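Below you'll find only one chain, the form predicted on its own, shown as structure tokens.
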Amino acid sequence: MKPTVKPQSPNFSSGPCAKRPGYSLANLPTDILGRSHRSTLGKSRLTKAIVDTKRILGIPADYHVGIVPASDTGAFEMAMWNMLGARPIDIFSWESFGEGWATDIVKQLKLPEVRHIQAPYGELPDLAQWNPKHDIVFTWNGTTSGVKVPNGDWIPADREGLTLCDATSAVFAMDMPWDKLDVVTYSWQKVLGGEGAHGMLVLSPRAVARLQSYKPAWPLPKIFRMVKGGELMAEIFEGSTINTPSMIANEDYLDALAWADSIGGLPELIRRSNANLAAFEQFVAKTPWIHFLAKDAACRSNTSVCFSLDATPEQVKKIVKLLDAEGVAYDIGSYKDAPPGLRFWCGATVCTADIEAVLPWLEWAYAEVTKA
């Protein structure tokens, strides 16, 4: 039978992601609007975003955190164009975004000493193939495949190369071993449901040392430059952004950070994401026609949760459209480059009660679409 109870929030998009429970645009301060981001007020708000980020995530004090242009993509491109080329590179990819970094390294930067270790959607490459004398480029969580790195145990403390990690759908939902990561990037619009266009760049002391000792052979556009006269441009990591940021988007991010604080910080954010995944795990265990794309539970994402169905691609599209039309689940189709299926965002801003409410609708929609 057609269910009657709908999720309070049907927003399950993997980016921009659902706003936090109780969110209201009217609650954001507006005194910063119309003011320069370089004013005392503007810089203080941007600095607060950096300071609160480091505190909530437990980022080491000697790491640098900066707000940079162009979302996670801009932050990661910035890191690659500044740091790669000093050593051979090992790229690990298992979905579209990792493949994109490989394309940039091989076809745009045209670096010669590159190994590309791949795995198909739903699987993880053999991380033991990494040579710790090489730089490594990888995503922590494959947003379009639902496959994550289970931990950082495979990264040696005495590595010689840098670890460059795209962690945009992992930070605030998974434990990040900061001592194993030299470059980490993410965007506001993922786990905390912030607005787009801004990226976060986290650098270890080893990454800073690379910036100061290595000069790439190619020219760098202004928005990528982090070094001047051989020294790190420290102001980038103190609230002075390279280009003009959206101050209202920054207020939105500060609101999300304040909410994270109010519910118990990082442990509670992780717990909420895990609880959402657990609700789906219980459903999949008793439902024969739906399957996790990530079959290994140890590598299964608790944010971008991806499924395959016992249905044709056209039937999957009809299920997605039907649930959208009913107003119970928006933006749940798999990524355009991924196998046909469903993708539900399960990050901390999504309530487990909404996951539980959508499950009967999934059963109903599947029955409606696949019945003879």
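Since the model is a prediction, treat every value here as computed from it, not as a measurement. Numbering starts at 1 and follows the sequence shown.
Beyond what is shown, the protein has a form predicted together with a small molecule; the following relates to that form.
Student: 101, 141 and 187 - do all three of these have some heavy atom no more than 4.5 Å from the small molecule in the model of the complex?
Tutor: So, yes: the whole triplet contacts the small molecule.
Student: Quick check on residue 273: any heavy atom within 4.5 Å of the small molecule in the model of the complex?
Tutor: It does not: once the small molecule is placed as it appears in the model of the complex, residue 273 has no heavy atom within 4.5 Å of it.
Student: Should residue 169 be counted as a contact of the small molecule in the model of the complex, where contact means heavy atoms within 4.5 Å?
Tutor: Result yes; residue 169 sits at the interface with the small molecule in the model of the complex.
Student: May I ask you to state whether residue 70 is within 4.5 Å of the small molecule in the model of the complex, using heavy atom distances?
Tutor: Contact with the small molecule, yes.
Student: Does residue 97 reach the small molecule in the model of the complex, with heavy atoms at most 4.5 Å apart?
Tutor: Yes.
Student: Going by heavy atoms within 4.5 Å, which of 234 to 242, 72 to 80, 114 to 122, 173 to 181 lines up against the small molecule in the model of the complex?
Tutor: Among the listed stretches, the partner-contacting one is 72 to 80.
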